[in-house]
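This document opens with one chain alone, in structure tokens, the form predicted on its own.
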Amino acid sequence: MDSYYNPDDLGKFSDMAKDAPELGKAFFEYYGKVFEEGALTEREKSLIALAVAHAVQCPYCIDAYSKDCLEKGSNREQMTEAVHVAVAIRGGASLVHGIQMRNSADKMTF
């Protein structure tokens, strides 16, 4: 294996419940409920998950939600646009924190 990330580990996700079954059960029930059709369609939720996966840089989630998006009828253009939304929000969040730097620098006039 050439990296810490092993795509086969995604299939072992449920193993995390083995030593904490009550917590695992609660998480997986919640997780399932979150992705049920509601005010948003399952397809829309999958696109959101794909964007968030990129923002938090989870390779397992990127793999899982790329597949899920395609299975739910999204196309590459929609998926790519969702990723760009995540990039814009993440970049904007970093940039707006520059105000913190400016405020700090203003207080440290030499």
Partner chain sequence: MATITKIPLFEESLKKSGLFPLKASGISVFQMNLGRLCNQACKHCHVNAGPNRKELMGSEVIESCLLVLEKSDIPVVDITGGAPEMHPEFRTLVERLKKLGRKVMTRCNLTICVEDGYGDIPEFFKKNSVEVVASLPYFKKEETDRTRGEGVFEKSIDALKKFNEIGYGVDGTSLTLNLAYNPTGLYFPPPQSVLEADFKRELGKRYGISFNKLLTMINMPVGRFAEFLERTSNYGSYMEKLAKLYNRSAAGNVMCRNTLSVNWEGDMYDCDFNQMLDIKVNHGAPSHINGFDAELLNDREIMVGLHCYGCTAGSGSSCGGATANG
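Numbering follows the first chain given and starts at 1. Please read all numbers here as calculations on a predicted model, not as lab measurements.
From this point on, the text means the form predicted in complex with the partner chain, which you will not see here.
- Select from the listed residues Ala26, Val34, Val52, Leu70 the one whose heavy atoms reach within 4.5 Å of the partner chain in the model of the complex. Checked against the cut-off, the match is Leu70.
- Query: Does Arg76 reach the partner chain in the model of the complex, with heavy atoms at most 4.5 Å apart?
  - Reply: Yes - in the model of the complex, heavy atoms of Arg76 and the partner chain come within 4.5 Å of each other.
- Message: Is Arg43 near the partner chain? Define near as a heavy atom within 4.5 Å, in the model of the complex.
- Response: Arg43 belongs to the contact set for the partner chain.
- Message: So if I measure heavy atom distances to the partner chain in the model of the complex, which of the stretches 81 to 89, 44 to 52, 62 to 70, 26 to 34 falls within 4.5 Å?
- Response: Going by heavy atoms within 4.5 Å, the stretch is 62 to 70.
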